[in-house]
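Just one chain is shown here, as structure tokens, and it is the form predicted alone.
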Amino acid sequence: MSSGPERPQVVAHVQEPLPCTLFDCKWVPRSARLLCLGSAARGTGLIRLYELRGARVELLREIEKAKPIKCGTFGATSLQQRYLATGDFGGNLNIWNLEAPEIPVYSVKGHKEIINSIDGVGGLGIGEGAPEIVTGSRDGTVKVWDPRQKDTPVANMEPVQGESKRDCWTVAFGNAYNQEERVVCAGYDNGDIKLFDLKTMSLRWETNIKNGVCSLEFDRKDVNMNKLVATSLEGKFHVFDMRTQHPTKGFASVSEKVQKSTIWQVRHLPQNRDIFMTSGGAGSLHLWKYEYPAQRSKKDSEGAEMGVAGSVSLLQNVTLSTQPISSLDWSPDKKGLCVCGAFDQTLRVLIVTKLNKV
């Protein structure tokens, strides 16, 4: 770990107890507001909108829905509208106007079972091409939706006939650097990672990391694929260098064992793609920096290009709770401002200092 006074510090700025189970938390883009998504004690879904005011958060409104809400994204909306897309326990994908949240502006029964994960691209000025949402579900399918098209997904990745369905835990968009290119990466409960190319509608790459894949994220969605981080159940994460795909070996990677417990989430710092935070089952957060190798690719004995993985260094770690930290989101607007939610029903706003020194 880097030492001395120049190390980033993770400061708990606000701790707010919640009257609900928290599954996801998100900053509202271009604002000091944040959202908690979850479940009320009576089994309904809750969206709680807060505003950060100095050293406290103030509840602006609470929106109750029929089904518990598992996940949300602003990734497919414009900065003007800032509509929230959510996935719920009933398999429904809904898009909400938070100013008038009584009826969703878009709604589809997307999956037969719970939507575990959601991501968006093409909105907020991030990623070329159409605004799209991807959902991953316990029913084993991964579906891509265009909010301008009602009822049917634009892509549906499901197990082929005879193949057993696996619980999809996490999905992420990437490679959206022009109008044509776009990929979806999906992680499953058996350790499978699958990379779907939406341009060719084909499976581009797959691997298995031997433990359930809890979280996947590209370091940027809107660049030529650069890095992908995958976190897993047994306290391990993998960083894949996505620049060079070898015909048989796939992508080069480096892995790091953090702790014995699950790594629930990974989130890259929006202002520096080589810094990322992981959140753990022991109530801890770890801040990492990826270092590139001197050369990112080399030729194998057959003359084929293969990637070379870099290394990962720990910048800081902190334990905030006795319960797992299950959700994490960096502010897209204020460098070092972060929100996380844990199973102790507490929302925490964090400030990570000295990020411009690393």
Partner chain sequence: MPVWLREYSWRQTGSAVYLSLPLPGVRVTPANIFCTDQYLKVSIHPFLFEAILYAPIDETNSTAKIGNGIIFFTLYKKEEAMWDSLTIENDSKEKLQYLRENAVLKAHEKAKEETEAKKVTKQEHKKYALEATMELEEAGRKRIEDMKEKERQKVTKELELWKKQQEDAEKQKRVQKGRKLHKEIEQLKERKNGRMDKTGILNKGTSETRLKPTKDHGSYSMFSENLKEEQLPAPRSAATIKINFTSRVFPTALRESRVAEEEEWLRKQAEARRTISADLSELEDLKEEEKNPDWLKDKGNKMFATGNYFGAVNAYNLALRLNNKLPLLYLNRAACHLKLRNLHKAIEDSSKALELLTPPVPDNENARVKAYVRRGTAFCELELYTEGESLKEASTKSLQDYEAALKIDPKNRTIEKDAEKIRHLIQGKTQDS
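Predicted model only: the values in this text are computed from it and were never measured. Residue numbers count along the first chain shown, from 1.
Just so it is clear, the following notes concern the form predicted in complex with the partner chain, a form of the same protein that is not shown.
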| task | Spell out, yes or no, whether the shortest heavy atom distance between residue 182 and the partner chain in the predicted bound form is within 4.5 Å. | result | yes
| message | I'd like to know if residue 248 sits close to the partner chain in the predicted bound form, meaning any non-hydrogen atom pair within 4.5 angstroms. | response | no
| said: So, residue 61 and the partner chain: in the predicted bound form, are they within 4.5 Å at any heavy atom pair? | reply: no
| said: Since only the chain is shown here, I'm wondering whether residue 288 would be in contact with the partner chain in the predicted bound form (any heavy atom pair within 4.5 Å). | reply: no
| remark: Only one of 103-111, 216-224, 272-280, 201-209 sits within 4.5 Å of the partner chain in the predicted bound form by heavy atom distance, namely 201-209
| request: Given the partner chain in the predicted bound form, answer whether the residues 256, 297 and 348 all have a heavy atom inside 4.5 Å of it. | output: no
| The unique member of 124, 98, 130, 95 whose heavy atoms fall within 4.5 Å of the partner chain in the predicted bound form | 130
| note | Looking in the predicted bound form, the residues of 30-64 with a heavy atom no more than 4.5 Å from the partner chain, listed in order, are 30, 31, 32, 33, 51, 52, 53, 54
